[in-house]
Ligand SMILES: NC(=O)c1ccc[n+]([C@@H]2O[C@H](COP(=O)([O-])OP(=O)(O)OC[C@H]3O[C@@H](n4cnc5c(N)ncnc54)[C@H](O)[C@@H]3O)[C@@H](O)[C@H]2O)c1
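Single chain ahead, by itself, as structure tokens, in the form predicted on its own.
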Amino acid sequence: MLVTGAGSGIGLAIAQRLAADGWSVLSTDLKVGDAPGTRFEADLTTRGGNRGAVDAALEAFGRLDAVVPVAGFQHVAPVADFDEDRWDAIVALLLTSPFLLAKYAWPALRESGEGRFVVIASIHGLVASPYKSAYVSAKHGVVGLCRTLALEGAEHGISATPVCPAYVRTPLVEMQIADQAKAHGMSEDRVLEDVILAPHAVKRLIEPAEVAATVAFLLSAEGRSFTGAPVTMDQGWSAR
């Protein structure tokens, strides 16, 4: 089992839950910190970093049954002012990295006989928000990637599922409050209720453990029928 972005937030919660469920976990991030299982630090915006993560999992466990790409970051700015290097980095980490992980892990997932690829795609894989052009584009792309992987993997027993949560209580969300305040011209005190949670029908942040529980279900025997279609946990956002 390979989990990226395992140093904090959703990735850490997933790695902890899967380790508790008995999975052998390779936790990967730029800085892995106290993540459970075997730890591998890598820059997943590079081909070498993604190849190294897959190779490290195979070396540690002798097999690879599941890949869970979670790593990501955010940049909030209008299109006209959006930093081009930030665009490249976001697309590299949120879209190209999952593709490379799938490509490099594919032979092992086929050999597993029931390989699983579960990516944290975000509700922004299905809907858009202003000032997040790179993030929204990359997340839409990774939903499409999962659909393609599901079709290509079906005959080999490989499933691919994007999980699409709305706002989760993570450092990524907390860090963007100041950026959102600047972009929208409002105080930080108003951002959480008036911007972050505005699309939610249910006005609360999702907890990382809730996302981890969903991933754990998808990786279980009971989740084997889920492939290709987004699993949406969006507090009613897309019901509007």
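Don't overthink the numbering: it's just position in the shown sequence, from 1. What you see is a predicted model, and the numbers here were worked out from it, not measured in a lab.
The same protein has a further form, the form predicted together with the named molecule, not shown here; the description that follows concerns it.
(request) Go through 145-153, 75-83, 161-169, 100-108 and give me the stretch that gets within 4.5 Å of the named molecule in the predicted bound form, heavy atoms only. (result) Only one stretch qualifies here: 161-169.
(message) With a cut-off of 4.5 Å between heavy atoms, is L93 one of the residues that contacts the named molecule in the predicted bound form?
(response) So L93 counts as contacting the named molecule.
(message) My question is simply whether K139 lines the interface with the named molecule in the predicted bound form - judged by any non-hydrogen atom within 4.5 Å.
(response) So K139 counts as contacting the named molecule.
(request) May I ask you to check whether D55 falls inside a 4.5 Å heavy atom distance of the named molecule in the predicted bound form? (result) Because no heavy atom of D55 falls inside 4.5 Å of the named molecule in the predicted bound form, the answer is no.
(message) Would you classify D179 as touching the named molecule in the predicted bound form, given a 4.5 Å non-hydrogen atom cut-off?
(response) Heavy-atom contact with the named molecule at 4.5 Å: absent for D179.
(message) Looking at A60, A183, L192, V173 here, can you tell me which has any non-hydrogen atom within 4.5 angstroms of the named molecule in the predicted bound form?
(response) Answer to the contact question: V173.
(request) Residue by residue through 121-160, tell me which have a non-hydrogen atom within 4.5 angstroms of the named molecule in the predicted bound form. (result) Going through 121-160 in order - heavy atoms within 4.5 Å of the named molecule in the predicted bound form - the hits are A121, S122, Y135, K139.
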